[in-house]
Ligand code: BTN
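Next up: just one chain, as structure tokens, the form predicted alone.
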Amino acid sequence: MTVKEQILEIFERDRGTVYSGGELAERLGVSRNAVWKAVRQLEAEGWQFDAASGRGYCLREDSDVLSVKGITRCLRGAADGLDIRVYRSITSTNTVLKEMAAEGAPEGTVLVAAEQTAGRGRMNRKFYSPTGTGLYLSVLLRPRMKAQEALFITTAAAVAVARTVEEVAGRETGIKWVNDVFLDGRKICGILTEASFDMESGALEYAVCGIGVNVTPPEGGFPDEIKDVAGAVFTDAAPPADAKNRIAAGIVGHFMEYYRDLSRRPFFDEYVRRSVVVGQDILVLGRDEPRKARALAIDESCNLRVRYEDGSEGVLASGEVSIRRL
């Protein structure tokens, strides 16, 4: 562990406590200059310190930077043993993790980033992933399940996000089938699950579940193409201390709790309860012309049952169609 990492561990454990350079140097067996350099490096990475005149350094309570230490400190038991890696910037957590999966990375590898330069959503749409205002994470899974059960991964992740946001922000969320989490009528999270299949057995070789959350609005607002839809977890008030690490840890913790028992769908009732489309008029967007329909119910396979204008009914599966509320 580097001097910077050791100092960060001390400060994160004792937020609000003042440590002098001499005290840290003696504890770590390094020079005071090494301590000063490490603190400057942490500041360059976004950590915020209050310099107590004549006394030393103090990590501010409201300092909110993603870190492995910050996330693991907040993790629940279901997520023990995960290999979590944090990046200041990455092309796409899903893209990089899929490459790692193909090279044999184990289940439970988790990539978390503060920025994506090439984030992707469903149907290869660009996923807006600016620095400083959101968090973007992907989890590598190697489940023993058939292809049609992969939808449970996405729906479990949606409930994990919804529960976490409610715990951290204290505000009620909704889920738009199949993979979007909403708050106050605006999308705050998108989920993209990508998988590799064994052609002979039809079973999953691996799955990568990617989750992007808007924690705060970006400076200057969201881009024009999404400004009428996108929202953030915290808009009217500043986030609580260490919000990003708490949100990342909550999502991973809840998701892994569901994943350990995925075949029994322990998340299902919460997923249905939070639905913002059941009972609503929607537009079904598939390969053919868009069709108006009424969303009737979500079945036990997490597919959406609909009734079209001509009275016929159908079942929508993720990946086949998209829907839009009317």
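Computed from a prediction, not measured in an experiment: that's the story for all the values here. Residue positions are given as counts along the sequence shown, with the first one as 1.
The following text describes the form predicted in complex with the named molecule, which does not appear among the structures shown.
Judged against the named molecule in the model of the complex with a 4.5 angstroms heavy atom cut-off, the residues S92, G121 and L192 are in contact without exception. Within 4.5 Å of some heavy atom of the named molecule in the model of the complex lies at least one heavy atom of Y136. In the model of the complex, the named molecule sits within 4.5 Å of a heavy atom belonging to Q116. The named molecule in the model of the complex comes within 4.5 Å of a heavy atom belonging to D180. Using a 4.5 angstroms threshold between heavy atoms, K187 counts as touching the named molecule in the model of the complex. Of the stretches 150 to 158, 252 to 260, 223 to 231, 93 to 101, only 93 to 101 has residues with a heavy atom within 4.5 Å of the named molecule in the model of the complex. For the residues I71, I211, V165, I175, the 4.5 Å heavy atom test against the named molecule in the model of the complex is passed only by I211.
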